[in-house]
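So this first bit is one chain, no partners, the form predicted alone, shown in structure tokens.
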Amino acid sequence: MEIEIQSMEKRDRYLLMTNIVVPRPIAWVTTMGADGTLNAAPFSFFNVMSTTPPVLGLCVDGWKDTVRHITETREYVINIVPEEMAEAMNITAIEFPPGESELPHAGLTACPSRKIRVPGISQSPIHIECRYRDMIKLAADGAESHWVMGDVVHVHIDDAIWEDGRIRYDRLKPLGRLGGSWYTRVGEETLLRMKRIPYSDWKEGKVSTRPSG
């Protein structure tokens, strides 16, 4: 199959790209408007951009409350979505009218942040507090998206999923985005471990390349 992606309709191009790049982590973003209204929305065009400095990036299609709030307050929280919060996360993806908070509709409660004014979601085990760094507008064919980059200023991790300086993924059970209406989950039975191989060990044949559970 050979596809001329530049000539595709916007919707078909979106479906193709989101079916190819999988699984994708989900940024469950809480923001606060200048009037104090809280907003929550999930975005799967999201990832780590840098560790030094610590920067996360997410892409928002159009000029939504999330982008407007971030440009107004220059602060936001990225909450990680555990499997048990899948339904609530999906409710926050509904296109509610501007200025109407999604949290009450989804049965969610806000919890205070340590370094910024914008709160996180209590039901999420990981809150990543961010301050706005930069934004790139991506425009074509009358449509536009906004790639937002934020500096991580504080991270909260629930003790229940933290052990020996590491996150226990079998306890966190993060939700991942696939194409269409499909998602993927992480559990103990799906975890695959492969350690990085030093060149010296590889050259001397000292390592096994087999992944382990």
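None of these values were measured; they are calculated from a predicted model. Residue positions are given as counts along the sequence shown, with the first one as 1.
What comes next is about the form predicted in complex with a small molecule, which does not appear here.
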Which of these stretches, 148-156, 55-63, 163-171, 184-192, has heavy atoms within 4.5 Å of the small molecule in the predicted bound form? 55-63
Can you tell me if residue 102 lies within 4.5 angstroms of the small molecule in the predicted bound form, counting non-hydrogen atoms only? yes
Decide whether residue 26 counts as a contact residue for the small molecule in the predicted bound form under a heavy atom distance cut-off of 4.5 Å. yes
Give a yes or no for residue 109: in the predicted bound form, does one of its heavy atoms lie within 4.5 Å of a heavy atom belonging to the small molecule? no
Look up in the predicted bound form whether residue 78 has a non-hydrogen atom within 4.5 angstroms of the small molecule, and give yes or no. no
